[in-house]
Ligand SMILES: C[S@@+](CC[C@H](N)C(=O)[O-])C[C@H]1O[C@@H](n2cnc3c(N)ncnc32)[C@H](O)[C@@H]1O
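A single chain comes next, written as C-alpha cells; it is the form predicted on its own.
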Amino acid sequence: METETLRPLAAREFAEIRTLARRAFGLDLKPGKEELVAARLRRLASSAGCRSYQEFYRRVLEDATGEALAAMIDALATNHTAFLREPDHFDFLRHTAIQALGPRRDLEVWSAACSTGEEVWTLAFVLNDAVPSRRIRITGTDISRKALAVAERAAYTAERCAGLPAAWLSRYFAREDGAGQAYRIRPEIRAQAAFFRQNLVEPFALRRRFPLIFCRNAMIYFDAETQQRVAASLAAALEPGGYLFVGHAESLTRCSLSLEYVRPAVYRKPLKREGGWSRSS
C-alpha cells in the first residue's frame, strides 16, 4: 500500500507542521496531537508520492498555487457540527435578539465558521418561523473548501436530519429518493444563503457589518493571541446593538473588547461605544 512507504512523523516534522498550521490558519496543534496529525495527513502525503512528512511539508511550501496548503487545511480542520447544535442559542435568537434588533426589512446573519452548513440552515429555519415577512440573508463562511462544498449542495442524509422537528422536515426540505443524501433544502430557503471561503486569521473579505454573527466552536482551536485578534475582528464586523454568539466551550472575557456580556456565549455591541466590559441586566 502507498502508506507503507511513508516514514513515521518525526518530532521535528510535527514542529514544522504545527508552526505552519498556526501561521496559516490559527490552528494550535498542541503537543500530544502527533498521531492525529500523522493520520490526517497520511493520505495526502502518500498520494503525492512523498516518502516523509518533511517532503510533504516542503511541497506545501513550494506550491505557488496554494492548493497544497488548502488541501492540508481541509485535512486538519475539524468540521464537527449538527443541526440545532447548542439549541439555547436559537431560543435566545428567536425570543430575545430578534426583538431587540427592532423592525427592519432585511435580517442578515453571518455564520463565520459554518462547516458543512447545518448551522446556516438551522438559522434559516428559526428566522423563517419567527419573522416570515422579512427578507432573510445568511452568509456562511469556512476555511475548509471540502466543508463548503457540502454546505453549498444543501443535501443531507436522513441520519444527519434525525432529531429535527417534523414540521421543519416537511416545510424546509424536499425528500430525495435513493441511498445517501435523503433530504435537500428547498430552493426558496437555499436562495437565502451564500457561501464563501474565509480564513478567520486573515483580513475579512466581507466589508459590511452584521446585526448577528455566529462564530461557534472555532476559536477553541486558536491560541490566546489569535483568539484576541479574531474576536476583535468579529466585534468590528458587528453593527452597534448587534449580537455575537460563540460556543459554550468558549469565552471572550479574557479578550480586550468593547462588547457587553449578555449571557454565557452571547455578547452584544453597545449602541453607544463604551470601553471595557459591562454586564447587561
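Residue numbers here begin at 1 and follow the sequence given. The structure displayed is predicted, hence computed values, not measured ones.
One more form of this protein, predicted together with the ligand, exists but is not displayed; see below.
> Does any heavy atom of F56 come within 4.5 Å of a heavy atom of the ligand in the predicted complex?
No, F56 is distant from the partner.
> Examine Q227 and determine whether its closest non-hydrogen atom to the ligand in the predicted complex is within 4.5 angstroms.
No, no contact at 4.5 Å.
> My question is simply whether V150 lines the interface with the ligand in the predicted complex - judged by any non-hydrogen atom within 4.5 Å.
Contact check for V150: no, nothing within 4.5 Å of the ligand in the predicted complex.
> Verify the contact flag for R104: yes if a non-hydrogen atom of it lies within 4.5 Å of a non-hydrogen atom of the ligand in the predicted complex, no if not.
Taking the distances in the predicted complex, the answer for R104 is no, it never comes within 4.5 Å of the ligand.
> Among the candidate stretches 124-132, 193-201, 169-177, 92-100, which one is within 4.5 Å of the ligand in the predicted complex when only heavy atoms are counted?
Single hit among the candidates: 193-201.
> What is the one choice in A70, C50, L238, A218 with a heavy atom within 4.5 Å of the ligand in the predicted complex?
Only one option qualifies, and that one is A218.
> Taking 4.5 Å between heavy atoms as the contact cutoff, choose which of R85, R184, R137, R209 touches the ligand in the predicted complex.
The residue from R85, R184, R137, R209 that makes the contact is R85.
> With the partner left out here, which residues of 60-78 have a non-hydrogen atom within 4.5 Å of the ligand in the predicted complex?
A77, T78 sit within 4.5 Å of the partner.
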